[in-house]
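Here's a solo chain for you in structure tokens, the form predicted on its own.
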Amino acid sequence: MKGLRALSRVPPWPLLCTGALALCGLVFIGSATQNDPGFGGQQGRQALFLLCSAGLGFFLLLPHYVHVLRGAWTFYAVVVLALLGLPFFAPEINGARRWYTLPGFSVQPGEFAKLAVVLALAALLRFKDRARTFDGLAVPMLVAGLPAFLVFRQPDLGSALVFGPVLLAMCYAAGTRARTICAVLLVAAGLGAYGYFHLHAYQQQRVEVWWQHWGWDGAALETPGVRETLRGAGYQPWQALVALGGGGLLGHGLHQGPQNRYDFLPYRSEDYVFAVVGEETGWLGAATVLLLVLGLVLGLLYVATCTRERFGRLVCVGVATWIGAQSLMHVAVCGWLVPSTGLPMPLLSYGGSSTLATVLAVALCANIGARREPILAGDGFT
């Protein structure tokens, strides 16, 4: 009965934005795959993923979220073990081992690792004094760094980069000093420069082509060298950029985008779905999707500001940062503002694991928003 009464206090805004983004995803996944015999069933499967995710999310609203706190480290351990097993038990698909293939569907542990890290960090940082000590940053870095490294080795550079903003935002919200965060950013920049030389050859090539394209002009595009690059390493980001730029203000209309309709844009239901949004609905459609993402992120942060209990507040901050950072990275890839890397846009891109992990994370935040427990002791939040 307590669980049912709590449903009346669930904050509606995050759920409304989540539902709107999920419906947009269904529309554009259908548009991106309607004439593709290999992927034509993705829209129906995505609808099934959403229904299953919504059902599990509803049941997550019923028990008190303290039960999630008690199971945070167990969930984290299970996800890490699943990531460790990928090189041995997962099939190689497109040069990567990211999915466990099961009868009728596949599971991508890397997507659930984002939720596991949020829960583990919230459980670790819920103690006020820990955030202001050395281990208050060093230990959380290890907690987030292990799954990030295992995801990076799949290889999946895009998803691995998402853990960084989540870690820093949650540590800052827990009380870590700003100058300490800045020092970590400087160290991370140095490690990133060092890590460049340990990327796979194709990843280094993507970075080099991205760097080169800033110097191209109309004349350069006519040269044989640049044309050859755009048929090779620069093909995917160039086609996405053409799709976004060609949409104009209102777009070509659903199912009418040339890059989409004539199969120029690869992976357009997953890694480049936002390019389809821009091509077919134009600047207005793309801006609407971004406003929905912004509404979801701000809604989650509002729940965080209304929650004094530390675990719940940190979870909301972590989920908001995860969804916001991953969405911005996806959009930046589609606009070739950053080097090309495969990264789905939460709720908009096709994918069962990504959809389930995101919906469960939002449902958990809604659970927290419905149970704003009174805290009598000082908790260190202002």
Partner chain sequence: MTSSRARIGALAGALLLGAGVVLAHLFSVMVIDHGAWAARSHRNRWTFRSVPSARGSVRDRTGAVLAYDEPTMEVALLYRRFRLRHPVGAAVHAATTWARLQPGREATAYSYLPGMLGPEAAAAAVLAMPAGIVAPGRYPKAVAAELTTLVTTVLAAAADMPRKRVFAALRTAAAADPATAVGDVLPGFPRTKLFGAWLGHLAALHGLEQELVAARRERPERLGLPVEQESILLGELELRREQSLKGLRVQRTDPAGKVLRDERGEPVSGDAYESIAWPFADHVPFELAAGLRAGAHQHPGIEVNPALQRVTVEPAGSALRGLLGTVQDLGTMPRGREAAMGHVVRELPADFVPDEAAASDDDYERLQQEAVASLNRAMLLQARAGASGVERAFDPALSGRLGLRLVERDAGAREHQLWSNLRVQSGDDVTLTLDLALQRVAERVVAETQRRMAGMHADPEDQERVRAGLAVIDANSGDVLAVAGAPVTGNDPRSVPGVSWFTNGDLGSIVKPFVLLEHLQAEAAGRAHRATATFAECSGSMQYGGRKLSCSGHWREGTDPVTALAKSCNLFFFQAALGLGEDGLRAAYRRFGLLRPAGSEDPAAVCWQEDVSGLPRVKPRWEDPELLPMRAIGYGAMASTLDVARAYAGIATGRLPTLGLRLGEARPNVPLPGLDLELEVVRAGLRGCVESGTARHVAVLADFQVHGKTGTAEVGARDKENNAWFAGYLPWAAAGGVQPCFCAVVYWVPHGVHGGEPAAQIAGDLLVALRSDLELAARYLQPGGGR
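Numbering follows the first chain given and starts at 1. Note that the structure is predicted; figures quoted are calculated from it, not measured.
Heads up, the form predicted in complex with its partner chain isn't pictured, but that's what we're talking about next.
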Is there a heavy atom of Leu290 lying 4.5 Å or less from a heavy atom of its partner chain in the model of the complex?
yes
Taking its partner chain as it sits in the model of the complex, is Gln259 near enough to touch it, meaning that at least one heavy atom pair lies within 4.5 angstroms?
yes
Val317 versus its partner chain, in the model of the complex: is there a non-hydrogen atom within 4.5 Å?
yes
For Gly246, is any heavy atom within 4.5 Å of its partner chain in the model of the complex, or not?
yes
In the model of the complex, does every one of Pro63, Gly158 and Gly192 come within 4.5 Å of its partner chain, counting any heavy atom?
no
Would you point out which of 74 to 82, 301 to 309, 117 to 125, 103 to 111 contains residues with a non-hydrogen atom within 4.5 Å of its partner chain in the model of the complex?
301 to 309
Just to be sure I understand the contacts: of Val184, Val209, Leu146, Val242, which is the one whose heavy atoms reach within 4.5 angstroms of its partner chain in the model of the complex?
Val242
Quick one: of Gly352, Gly30, Pro339, Gly324, which gets a non-hydrogen atom within 4.5 angstroms of its partner chain in the model of the complex?
Gly324
Stretch 164 to 193 - residues with a heavy atom within 4.5 Å of its partner chain in the model of the complex
Ala169, Tyr172, Ala173, Gly175, Thr176, Arg177
